[in-house]
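A single chain, nothing else alongside it, follows as structure tokens in the form predicted on its own.
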């Protein structure tokens, strides 16, 4: 039996996911054929199906990959002494990702597929819980340092920030003139008025 090189296997798998991300973002999930993904990845259909038996398995893996990236991001920032500043940095990252046409398109495709497929919906919900937990932990740390209003409920506030993030991506979808990075100052002001402790 041929021995599988784990490094090469992971690299090929990641190459397929990267190709699929690009195709789904540009053409949509249902409009993208496996042949198009193969062409983008530079491999035969037989090779692709060795890694992913269906197109549905590919989008599920993309959602899981994004969840892992989100968890890793928040794990890497929780020790920050400036939790409020770290939260603003995260929102700046959201604006940058929303400005990336492929990333924004893929995000909306995944959201649409979650409405149709219960398995994708469950994976998206799990990712959302990871994001909200990460934001909540930052809010709790910031409140303990007097950087945000301690009277705010951290879980509910994290939910509102998650809703704001969803709104940014939806605005990109419906308004061709909306430029996310140009909203940075307004976003920071909005968050400051919402989160910062009230002046005595």
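Positions refer to the first chain, counted from 1. Only a predicted model underlies this, so the values are computations on that prediction, with no experimental measurement involved.
Below, we refer to the form predicted in complex with another copy of the chain, which is not included among the displayed structures.
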Exercise. Counting only heavy atoms and a 4.5 Å cutoff, which of 22-30, 136-144, 38-46, 65-73 contacts another copy of the chain in the predicted complex?
Worked result: 22-30
Exercise. Hey, in the predicted complex, is residue 79 touching another copy of the chain, heavy atoms inside 4.5 Å?
Worked result: no
Exercise. Is residue 167 close enough to touch another copy of the chain in the predicted complex, meaning at least one heavy atom pair within 4.5 Å?
Worked result: yes
Exercise. So in the predicted complex, does any heavy atom of residue 18 sit within 4.5 Å of another copy of the chain?
Worked result: no
Exercise. So, in the predicted complex, is residue 171 in contact with another copy of the chain at a 4.5 angstroms heavy atom limit?
Worked result: yes
Exercise. Which residue, 114, 130, 97, 88, has a heavy atom that falls within 4.5 Å of another copy of the chain in the predicted complex?
Worked result: 114
Exercise. What residues in 88-103 sit within 4.5 Å of another copy of the chain in the predicted complex, counting heavy atoms only?
Worked result: 101
